[in-house]
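Take a look at this one chain, the form predicted on its own, written out in structure tokens.
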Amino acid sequence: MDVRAAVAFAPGKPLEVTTVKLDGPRAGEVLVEIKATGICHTDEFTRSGADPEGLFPAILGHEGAGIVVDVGAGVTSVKKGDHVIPLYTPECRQCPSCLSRKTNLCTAIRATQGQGVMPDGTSRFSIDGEKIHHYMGCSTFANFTVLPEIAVAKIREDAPFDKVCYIGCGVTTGIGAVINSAKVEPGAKAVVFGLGGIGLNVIQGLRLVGADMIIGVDVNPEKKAWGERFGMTHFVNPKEIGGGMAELVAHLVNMTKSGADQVGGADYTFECVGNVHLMRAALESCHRGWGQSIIIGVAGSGQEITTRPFQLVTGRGWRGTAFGGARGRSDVPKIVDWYMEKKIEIDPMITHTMPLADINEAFDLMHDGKSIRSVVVY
């Protein structure tokens, strides 16, 4: 079938909206009509050429929502007409990782997913007979896409596509990092580095679990009002502190001192930018003995993180998280429920909507810092 898609033909170039051929679902696969898709920084990371695993030409996009319109042989967990969210982190419930219950990083289709193809090693997308790569197993920058059955989460039918598509990445990553990865407890002190789409959802997650002190860090002064809207209690602009990372760390540690505890440092910090220097600052802003720093942001190819071993041997923990530690088919429907029950907010973060033809404008808005999340509505 012919579908409309925004294709990344080469790194660093604008996407080209054109007609591509999409083959139907094979065994264990589903055909989904994408109704809306968010534009995430990870899409830009790959489009820019900074992603070491980036493949071209490809149909990017991994933050979508839509309706199942056809299923391949053997599919039992979803049927035609079901509303679903594509999952770039699948949940097969059978691989060693899924069975371990220690991680959400299902390995069932990781190898082929990284090669930009379906589990059988082939692509469903093409132009004039030439293969177009899938992206993160999703490719939601097309109005129809084919996904493995284990990479779709069935959701309730009254949830609006143009809002819950954001749960396919940003919302789940931020809130999940708090609940699943850090396991933040009520009364905790936390610092969030970067108040974009991920950072605001981390703040929202911290508020949800009852954190007491939520410090947001961002060089854009306009993010102060955004952070406060979602539960931030204190705002720090590094430009106003002056100096470098050491001065920023000292300032944050001093902010978190209280009462008999004059050591200072946050119980939890979250790096949501992908800046290796901020990752170090986040770790060193943790409380000695028990502080935990969670890396969410993705750094560029070849970049490395460093710190003095002293920071770790004195009890700080450094760890990363993917998709907020969420198990897609199990957890995503619950987060959709939280949104519908008004336990979390999404609507204010959708700052721009547009048709597929204007998708490159979404990347411009992202670069200019004018959007939290842009959504393409098909």
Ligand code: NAD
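Being a predicted model, the structure only gives us computed values, none of them experimental. We number the residues from 1 along the sequence you see.
One more form of this protein should be noted, the form predicted in complex with the ligand, which is absent from this view; the next part is about it.
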{"query": "The single option of Asn220, Thr103, Ser77, Ser258 touching the ligand in the predicted bound form, heavy atom within 4.5 Å", "finding": "Asn220"}
{"query": "Answer option from Cys40, Ala326, Val30, Ile335, heavy atom within 4.5 Å of the ligand in the predicted bound form", "finding": "Cys40"}
{"query": "Output flag, Gly66, Thr145 and Pro148 jointly within 4.5 Å of the ligand in the predicted bound form, heavy atom basis", "finding": "no"}
{"query": "Candidate stretches 78-86, 115-123, 207-215, 191-199, one within 4.5 Å of the ligand in the predicted bound form by heavy atom", "finding": "191-199"}
{"query": "The ligand contact in the predicted bound form: Met366, any heavy atom under 4.5 Å", "finding": "yes"}
{"query": "Touches the ligand in the predicted bound form: Val3 (any heavy atom, 4.5 Å)", "finding": "no"}
{"query": "is_contact(Gln311, the ligand) in the predicted bound form, heavy atom dist at most 4.5 Å", "finding": "no"}
{"query": "Distance check, Ile296 to the ligand in the predicted bound form, heavy atom within 4.5 Å", "finding": "yes"}
{"query": "Neighbours of the ligand in the predicted bound form among 271-289 [non-hydrogen atom within 4.5 angstroms]", "finding": "Cys272, Val273, Gly274, Asn275, Leu278"}
